[in-house]
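Here we start with a single chain on its own, the form predicted alone, put down as structure tokens.
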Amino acid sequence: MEYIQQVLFLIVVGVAAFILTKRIKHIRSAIQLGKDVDLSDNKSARLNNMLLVAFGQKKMFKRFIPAFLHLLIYVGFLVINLEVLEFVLDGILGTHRLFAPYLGSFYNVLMNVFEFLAVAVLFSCVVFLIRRNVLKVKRFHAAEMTKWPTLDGNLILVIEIILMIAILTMNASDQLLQTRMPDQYASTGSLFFSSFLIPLLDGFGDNMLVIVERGAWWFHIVGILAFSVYITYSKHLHIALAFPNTYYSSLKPKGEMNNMDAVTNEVNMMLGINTEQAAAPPAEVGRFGAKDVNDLTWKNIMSAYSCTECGRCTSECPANQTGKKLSPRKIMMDTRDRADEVQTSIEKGGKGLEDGKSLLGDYITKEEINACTSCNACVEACPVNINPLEIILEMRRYVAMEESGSPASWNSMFQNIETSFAPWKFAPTDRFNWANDLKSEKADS
């Protein structure tokens, strides 16, 4: 029987590893649909960003209550996985509580810490479910939060609650078995939280207790493996991608726009500015701005897959607050969905990017991108340093430079800037006439 369990365990792990590897390759290929960009500079600053924002949860604490609850889940996720290591080794070796004999009384301390975190995770998930479904926090019920995004958010919370209950049930039944079969079950000492479940199981016979303990053990380890696969289809992929996404996030001051090198070089040459880039012939430009995901950078697409769908960006967006259709969260969700659609098509031998659709138009409308004020509120609000504004500006650039499709008032402004160096239509020599008028008024007085 022991060997059967080991074989079954290895089969389950092998299946999960196969599916997970396939999903990781899919997501990696989807991210690589984007253009290459070198983000290898200033490694110390990037590492500092990652440690503070992703690992340290720095930007989460702008809203303390959800941040604190999220921290409990985050710490619980990291620490409880140490216990999962024992689960895995027990499954491979056919042992039971492998570390207990070696750690002695310290094992009891560790198990109590794990149980405390399990209860903290359970409590936090219950509160988050209440916030989503009872209090109905506005940012979780926007237009883009359709059936799947809403179900996904609730489903992951329910799964985490069930997994935590499985741990406590396993420990409670195990404590009873330690007293009934001390020769087969190593002593862990008294465990505070799971002890409350012992009266519910005390009436079970020995065989039933073994079934409950093994069932909870299998449920938890299979649940963890299934969860690992599930997050690759879910917004919870940020558990993994938040770290590289913050590491590769922009180090430029917020508000600094990315210029196209080919255009900058040409302007410099026209102005007689000698630069190393201007000395060489400008590279051929395939497309100005972005129409589809392949016109964005791989970092833009990684950010889309890193999106937590928390809606902080949209709740801070002044355009969205005034009733405009723009939602920075939707921009990221649409970018991810389009990249995933294209990559899936390529893997199936389909048309890929040549399917007659594009990110701009079929997913994101001109009305949405034109509503953006370029204020960077969404960039500042994002807890994992996602920059929806970069995508919006690239699509605006495409509309303006490739389609000449900007609003008429914008085109007038562009022309005035080009000819008069100001958004208003008056000669540069008249720019300070208002100051002369003030001098005249002062002299008269």
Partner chain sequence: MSETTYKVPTMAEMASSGESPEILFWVGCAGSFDDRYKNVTKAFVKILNKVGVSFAVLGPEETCTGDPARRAGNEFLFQMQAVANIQVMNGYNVKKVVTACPHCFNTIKNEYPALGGNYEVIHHSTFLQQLINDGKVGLKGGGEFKGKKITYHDSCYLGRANNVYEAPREVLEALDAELVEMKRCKTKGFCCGAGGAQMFKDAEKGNKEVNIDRTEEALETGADTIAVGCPFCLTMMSDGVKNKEKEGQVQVKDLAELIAESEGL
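Under this definition, the rigid core comprises the largest set of C-alpha atoms superposing within 1.5 Å between the forms. Positions refer to the first chain, counted from 1. These figures come from a predicted structure and were not determined experimentally.
As for the form predicted together with the partner chain, it is not shown, yet the points below apply to it.
The contact with the partner chain in the predicted complex, taken as any heavy atom within 4.5 Å, belongs to R63 out of R63, R46, K58, K35. For the options E316, D90, D334, D340, the residue carrying a heavy atom within 4.5 angstroms of the partner chain in the predicted complex is E316. Although the partner chain is omitted here, in the predicted complex all of I273, M401 and W434 have a heavy atom within 4.5 Å of it. Between 23 to 31, 38 to 46, 405 to 413, 65 to 73, the stretch whose residues reach within 4.5 angstroms of the partner chain in the predicted complex through a non-hydrogen atom is 405 to 413. Of the heavy atoms in A16, none are within 4.5 Å of the partner chain in the predicted complex. By the criterion of a heavy atom within 4.5 Å, K147 is excluded from the residues contacting the partner chain in the predicted complex. Contact between V263 and the partner chain in the predicted complex is found at the 4.5 Å heavy atom cutoff. Among residues of the shown chain, N258 is one whose heavy atoms approach the partner chain to within 4.5 Å in the predicted complex.
With contact defined as any non-hydrogen atom lying within 4.5 angstroms of the partner chain in the predicted complex, the contacting residues in 346 to 380 are E367, N370, A371, C372, T373, S374, C375, N376, A377, E380, given in sequence order. Relative to the superposed rigid core, the position of the CA of A435 differs between this form and the one not shown by 2 Å or more. Relative to the superposed core, F421 undergoes a C-alpha shift of no less than 2 Å between this form and the one not shown.
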